[in-house]
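Only one chain is given next, in structure tokens, and it is the form predicted alone.
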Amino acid sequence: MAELAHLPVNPASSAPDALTVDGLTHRIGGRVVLEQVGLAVPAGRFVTLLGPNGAGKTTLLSLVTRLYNAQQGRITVFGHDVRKESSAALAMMGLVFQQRAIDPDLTARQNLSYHAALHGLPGKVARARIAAELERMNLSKDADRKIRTLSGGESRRIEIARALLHNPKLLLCDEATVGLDVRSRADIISDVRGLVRDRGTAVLWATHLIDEVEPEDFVIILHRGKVRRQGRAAEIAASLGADGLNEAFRRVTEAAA
């Protein structure tokens, strides 16, 4: 495997990365699902975690968010160790799960209000943030519709809005466009990229869909629990003499089969 590349660091800035993972190894039922994983997501950047189904992407995000306890290795969020400073680390994260995680029998507004209450947001602050997110998503008119009456893309955007209510500095998206049509996928990706551009939100975008990656994106290829390549998409392809990321991804995953 080629030496891992890393995003350039601004020497004038001492700000910690949004997310760092170092030496992360995890077993489930005695099977190694992640092995010596190391990666970084700089503050205010969009980073793609690319891997086929079963690569370990969901397990990795589950460890970052403390749904599981990491068995070996260290994870920090803006310098806060997720094991030793869980509250501080988790407060800086928003998560969009792969599986739908909102109540279909509640309205969009009710789902958002419930989540805001879980984060302890005062009522006035919660109402203002909910209104702002619904407006940003162009879903204000749908605020009082039950989730089950919304399209897949609309309900997914409500989940993204929910993840942003407490103003996290790091957004983790686990296959956020799975099962959606092409237009809905494009709209959601554009919206999330806009958060990086307009708010400076750091994003780790986990996907198996190569067409969601742009040539200048920093990409981490995860396969069979190991980081196989890191670098800008175009540079990964060039380093392998491949005609684009699709071919490069195929070569990397086949070589590790």
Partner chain sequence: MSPAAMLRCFRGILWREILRFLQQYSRFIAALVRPLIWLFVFAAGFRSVLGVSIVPPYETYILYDEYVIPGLIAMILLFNGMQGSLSMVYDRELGSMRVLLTSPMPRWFLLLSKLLSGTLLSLAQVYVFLLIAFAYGIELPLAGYINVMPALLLSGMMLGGLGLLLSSMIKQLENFAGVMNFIIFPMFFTSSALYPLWKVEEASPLLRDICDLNPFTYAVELIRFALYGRFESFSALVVAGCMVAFVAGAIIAYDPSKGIINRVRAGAAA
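Residue numbers count along the first chain shown, from 1. Nothing here was measured: the structure is a model prediction, and the numbers come from that model.
The form predicted in complex with its partner chain is left out here; the points below concern that form.
Looking at 181-189, 105-113, 136-144, 72-80, the stretch with residues near its partner chain in the model of the complex, meaning non-hydrogen atoms within 4.5 angstroms, turns out to be 105-113. Contact with its partner chain in the model of the complex, defined as a heavy atom within 4.5 Å, holds for exactly one of Ile160, Leu150, Leu165, Leu90, namely Leu90. Using a 4.5 Å cut-off to its partner chain in the model of the complex, not one of Arg193, Leu209 and Ser239 places a heavy atom inside that distance. Gly51 falls outside the set of residues with a heavy atom inside 4.5 Å of its partner chain in the model of the complex. Residue contact check for Arg228: none of its heavy atoms lie within 4.5 Å of its partner chain in the model of the complex. Although the partner is absent here, Leu118 sits close enough that one of its heavy atoms falls within 4.5 Å of its partner chain in the model of the complex.
Although the partner is absent here, Arg66 lies within 4.5 Å of its partner chain in the model of the complex, judged by heavy atoms.
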